[in-house]
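Take a look at this single chain, the form predicted on its own, given in structure tokens.
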Amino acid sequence: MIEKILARASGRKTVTPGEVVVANVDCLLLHDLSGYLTGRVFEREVRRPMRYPERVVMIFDHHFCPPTEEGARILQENRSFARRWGINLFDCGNGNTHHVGVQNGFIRPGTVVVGSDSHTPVHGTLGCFATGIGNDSHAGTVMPFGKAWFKVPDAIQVRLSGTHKRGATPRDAALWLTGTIGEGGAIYKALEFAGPYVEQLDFWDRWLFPLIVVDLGAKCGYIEPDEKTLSFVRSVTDKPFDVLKGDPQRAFEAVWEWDLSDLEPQVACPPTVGNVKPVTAVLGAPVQWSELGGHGGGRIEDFRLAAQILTGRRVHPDLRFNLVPSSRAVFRQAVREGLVEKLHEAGATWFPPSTGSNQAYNMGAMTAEEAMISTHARNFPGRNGSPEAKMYLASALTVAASAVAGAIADPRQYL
């Protein structure tokens, strides 16, 4: 599928792995920090007209409520840049970059999507080629020409089967795969997620698998679009798109197969996303913060799971539980379902739709003695304050159970 997309985007009939192509870009995603850097290079050094401003999307999700004059100035300059060039701007409070891009119809099957955020490959969930490239590439090729160059990747199929036992979720499966394949275990590959397990997942649970590929070293990840994908895309946009799929006889470089039937809840432990252990191996580890948010969290599915744990219970008095919707659409749905009141009454705290405590620009900074368990995509030292602080990654069920216990807990004991 990726070869077909890159061939069409570069005006060729076919391409093969290892070839370098110059492809038309259908969407460029920027957040407030990368947009500021890209805009300065584009105007000060490139100094050419912007070819397709309608394809450029900037979302303010890090400085969602700037705590300093410098942060406020960055946003002010970004707003001026967006007005000058007529690009799409989503200001503070709209949500995090990837969810806003998807829910506003900028990502469609069969297209080429690039972004400054390293988790841009998550958009492969919609059946497109999506990858992260640098700010200077955005300024030097995408903005003035609507193009970018790529080396065509080889493809590996990750074929999954099985049905989860109580307490395990698709996020646990994604964490487990990260630890099993290993960081750097798929350098510059295109990873196709397939099999009966993937087919039965809803759209936003499928989202969790292309999300992990950058930490495996892959160039992109994707799921071939089916009717579930197309139904979702049609619900957010009426723009045309073409569905491309791999040939039935396609030959992958490798096929990796796993049955997830016996999976138990997983936790990615400090200091990296690949240090994944069963929750039973870290039970009782102290945490002072829990958070639902980030590119891998803050979905309506996460708040529904948290409500299962917190119904009839309260957040531990020694812990703070942050709730960060991934978009305004998710927050609206949480209001309609009564989740906002239910989780508020249980002691959790709601924050504006954003990227949450990711890199602690507006919230979530910790001292050396503190620890957090969250649905975020990364747990590298120093991302949330002190480099001595600890970050654990887990499913919404495990995060919520830990919020009740005041320490890392097994969600199965609360279900």
Partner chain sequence: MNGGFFSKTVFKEKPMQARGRCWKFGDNIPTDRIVRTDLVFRPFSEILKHVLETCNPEFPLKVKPGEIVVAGKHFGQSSGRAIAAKALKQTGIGCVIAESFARTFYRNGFEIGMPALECPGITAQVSDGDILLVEIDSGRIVNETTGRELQARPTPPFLLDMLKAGGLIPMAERLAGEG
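Positions refer to the first chain, counted from 1. None of the values given here were measured: they were computed from a predicted structure.
The same protein also has a form predicted in complex with the partner chain, omitted here; what follows describes it.
Query - Non-hydrogen atom within 4.5 angstroms of the partner chain in the predicted complex for each of P53, R79 and M143 - result: Negative, none of the three is within 4.5 Å.
Query raised in the report: Where does the partner chain sit in the predicted complex: which of 196-204, 299-307, 176-184, 92-100, heavy atoms within 4.5 Å?
Result: Every other range fails; the passing one is 176-184.
Query raised in the report: Going by a heavy atom distance of 4.5 Å, is A218 a contact of the partner chain in the predicted complex?
Result: Looking in the predicted complex, residue contacts with the partner chain include A218, since a heavy atom lies within 4.5 Å.
Query raised in the report: Should P270 be classed as touching the partner chain in the predicted complex when contacts are defined as heavy atoms within 4.5 Å?
Result: Although the partner chain is absent here, P270 would stay clear of it in the predicted complex, with no heavy atoms inside 4.5 Å.
Query raised in the report: For T131, is any heavy atom within 4.5 Å of the partner chain in the predicted complex, or not?
Result: Yes, contact at 4.5 Å.
Query raised in the report: Is there a heavy atom of L244 lying 4.5 Å or less from a heavy atom of the partner chain in the predicted complex?
Result: Close contact is absent here: in the predicted complex, L244 is far from the partner chain, nothing within 4.5 Å, heavy atoms only.
Report task. Could you tell me which one of Q288, T229, T169, S137 places a heavy atom within 4.5 Å of the partner chain in the predicted complex? Result -> In short, S137.
Report task. Identify which of H344, R250, R314, K147 has a heavy atom within 4.5 Å of the partner chain in the predicted complex; exactly one of them does. Result -> That would be K147.
**Report entry** Residues in 18-38 close to the partner chain in the predicted complex, defined by a heavy atom within 4.5 Å, in order
**Finding:** If the 4.5 Å heavy-atom criterion is applied to the partner chain in the predicted complex, 18-38 yields V20, V22, H31, L33, Y36, L37.
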